[in-house]
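This document starts with one chain, in the form predicted on its own, laid out as C-alpha cells.
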Amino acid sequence: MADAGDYRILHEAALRDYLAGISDLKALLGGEPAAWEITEVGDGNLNLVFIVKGTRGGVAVKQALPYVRLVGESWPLPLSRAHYEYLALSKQAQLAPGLVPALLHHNETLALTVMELLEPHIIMRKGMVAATQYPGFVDDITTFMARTLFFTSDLALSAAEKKQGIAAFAGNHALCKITEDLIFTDPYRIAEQNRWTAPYLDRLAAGLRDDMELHVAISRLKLKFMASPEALLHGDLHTGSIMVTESQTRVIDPEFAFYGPMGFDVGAVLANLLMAYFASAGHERTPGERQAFESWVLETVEQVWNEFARKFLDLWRAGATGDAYPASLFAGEKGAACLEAERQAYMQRLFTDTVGFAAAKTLRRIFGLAHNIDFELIEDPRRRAISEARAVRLARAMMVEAGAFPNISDVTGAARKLRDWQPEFANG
C-alpha cells in the first residue's frame, strides 16, 4: 500500500488544481477549472465528499480523512479504508454491473476516489423520511446482494480463490473493529459515545445493560461476524449507503468491506427498512396519511428476503463451481434431492442469521453512537422515543427469540402488531 507521507487533505482550491491536472477528468468536466462549481456535501460519519460540476459534466469525489469525521482527530482511522472501498467497488461493478457508481479515478496515496455523479438520485433514507416509494428497489438490491454474496462465497469459488479474497481484505480490520465495538458491544454497556432519546428511553437503555439473554445473543452474533468469512460483504449496507430514483438503485460507500457472514448485509437492509416503518408514525401530520407508504415498506421487507433467497438459490442451482458441496458427491436423483434439501437448510440458517443481525443493527442505531435520520428528524422527543421503543421491542424479540421468526412474514407480522403499541412513557 502507498506511503501516506504525501497525503494531504484537498479542500476546494487544492481539489480544483488536482482535478485540472488529470486530462480525462478535465475533459469530462469541461470548461475552465476556475469556473467549476465545487460543493462539499459529505453528511456521513467518516469522509469528505465533493460534487464537482463543469460545463460538460460532473463527478463525485470522496477523500478519506485520517480520523472519524463525526468525532474528530481524537479518533484516528487508517486511510487504507479508501483502498478497500476501491477494491470493493471494483469487485461489485464486475459482479453486479450497473448497481454501483462507475469508478473514474483513484489515488491511493491521497485516499481519494473520483466516481460517476449520480443525478437525480438521492440518498434512499431521505426519500423514505418523505414517504417516497421506490418500485425498482427490490429487484436491484436483491440482485446486488445475491450476486456479490454468492460469487464471492465457497459455493462459487475454489478454496484458493476464496482465501485470496479473504487475504485481500484482511487488512481492513480497523473498520471491522468499529463495527465490533459500535454494533456488538457498546450499546450493551456503559460507553462514553452512547446516546439515546432521554429521558424516555433511559429505562430501556439500562435494560440493555442488564439483559443477560440479550448479551449472550449479541455475543454469538459478534463471534459469527468475526469468525465466519462466508463472502465479501459491503459491510455497511443501509439506506444511507444506497442512492435511488424510482427506477434506479446504486449502492455506494463500501469502505467497511470484508469477508464475513452473509446475513450481516441482508440484515442491515431489512433493519433499515423496519426502522423506516417504525419511524413513519412520528412523521405523520395527520393520522393515517402514511398508511400506503407503511404498507409498501413491509411488503418490501418481505420481498427483499424472498427475492434475495430466490435469486441466490437460482445461482446455486445453475451449476455452482465452488469447492463447497462438490457435484460429484450428489450424483443421481437421490443426490439431487439431498442437495436441494441442504440448500433449503442453508437458506434457513442464513435467514436466522439475517434476523439476528437486523436486530443488532436496529439497537445500535437507537442506543449507540451513530443514529438514523429516520428517527432523528422526528422533532418531538416523546414521539421519537415512542417510535424507537417499538423498534426496540421487536429487535429484542428477534435477537433472543429467533425461533419465533421462522419466516419473513413472521417478522413483518410482529412489526405490524407493534405499529400502535404504546410504551409506558407514552402518556407521561
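Note that residue numbering follows the sequence shown and begins at 1. It should be emphasised that the depicted structure is a prediction, and the values quoted were computed from it without experimental measurement.
Form predicted in complex with a further copy of the same chain: not shown, discussed below.
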{"item": "Contact segment among 217-225, 240-248, 142-150, 265-273, judged by heavy atoms lying within 4.5 Å of a further copy of the same chain in the predicted complex", "value": "217-225"}
{"item": "Contact check for K53, T55 and L79 against a further copy of the same chain in the predicted complex, heavy atom at 4.5 Å", "value": "no"}
{"item": "Proximity of Q303 to a further copy of the same chain in the predicted complex, heavy atoms at 4.5 Å", "value": "no"}
{"item": "Close approach of T185 to a further copy of the same chain in the predicted complex, 4.5 Å, heavy atom", "value": "yes"}
{"item": "Heavy atom of L329 within 4.5 Å of a further copy of the same chain in the predicted complex", "value": "yes"}
{"item": "Non-hydrogen atom contact K163 with a further copy of the same chain in the predicted complex at 4.5 angstroms", "value": "yes"}
{"item": "Heavy atom within 4.5 Å of a further copy of the same chain in the predicted complex - residue from E116, E307, D154, E108", "value": "D154"}
{"item": "Interface residue in the predicted complex among F258, F278, F137, F351, criterion: non-hydrogen atom within 4.5 angstroms of a further copy of the same chain", "value": "F258"}
{"item": "In the predicted complex: members of 145-184 within 4.5 Å of a further copy of the same chain, any heavy atom", "value": "D154, A159, A160, K162, K163, I166, A167, A170, H173, C176, K177, E180, F184"}
